[in-house]
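In structure tokens, one chain follows: the form predicted alone.
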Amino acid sequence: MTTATAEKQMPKTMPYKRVLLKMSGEVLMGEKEFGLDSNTVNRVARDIKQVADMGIEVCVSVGAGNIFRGVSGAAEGMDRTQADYMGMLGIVINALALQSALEALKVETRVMSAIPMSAICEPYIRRKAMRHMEKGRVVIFAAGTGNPYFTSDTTAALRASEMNCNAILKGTKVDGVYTADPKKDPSAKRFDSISYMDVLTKDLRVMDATAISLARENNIPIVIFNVREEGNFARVMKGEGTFTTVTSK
């Protein structure tokens, strides 16, 4: 699908033309203690397809908590750099699983890795990634930034900036940003919107401080929503449902 075609198909009420979906690896393990849950991966793939079918260009950045949780014992006491590289390999596993689920739904997908792995995916090249998205392909970014000491949150903010995304969609297990953990504090209140600076000063842990600062510098809104509820990604794209938007205002 060309950019022009996407623009024609996208409803005029849509605020976003190109978005990055950021999910933790834990989202993909469903109710398991670690690893991948095929039903959850397939459900997330259906949600992504639903948004792509709306004419919105989608790229994805996922973490590796579900994989690394299973090897965390082995990594205990390990050099931080080595442990981070293990996490990057876990991200590649998640990216390939998500690609398989999307392609089963006839969604054209490309996995692009910051660490070259030519036998299984493409190397990350910015202009090539943008071209894939312009053609309507879902691009999944793998292996983080390719460098240790950078979180998957920072990777998401970096790739969203490079791709000129209109927003970062942070899919979590809650439906927005709260004053406290709503599971621990029933009186916690949800924000409809909040500024980058308030997130940082209140230490609300939406994303890590580096990621928030990078999004702020590039004026990319961060939308936090519950990705575990089927169809929520598309609803948020339509401005429906419950979510929190982090902006400069």
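For every residue, the number given is its place in the sequence shown, counted from 1. Every value quoted in this text rests on a predicted model; they were computed, and no experiment measured them.
One more form of this protein should be noted, the form predicted together with a small molecule, which is absent from this view; the next part is about it.
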| property | result |
| --- | --- |
| Any non-hydrogen atom of D84 within 4.5 angstroms of the small molecule in the predicted complex | yes |
| Contact label in the predicted complex: A64 to the small molecule, heavy atom within 4.5 Å | yes |
| is_contact(E26, the small molecule) in the predicted complex, heavy atom dist at most 4.5 Å | yes |
| Partner contact for C121 in the predicted complex: the small molecule, 4.5 angstroms, heavy atom | no |
| One residue of V111, A167, V107, M88 in contact with the small molecule, assessed in the predicted complex (non-hydrogen atom, 4.5 angstroms) | M88 |
| Contact residue in the predicted complex, chosen from S100, S161, N147, T179 - any heavy atom within 4.5 Å of the small molecule | N147 |
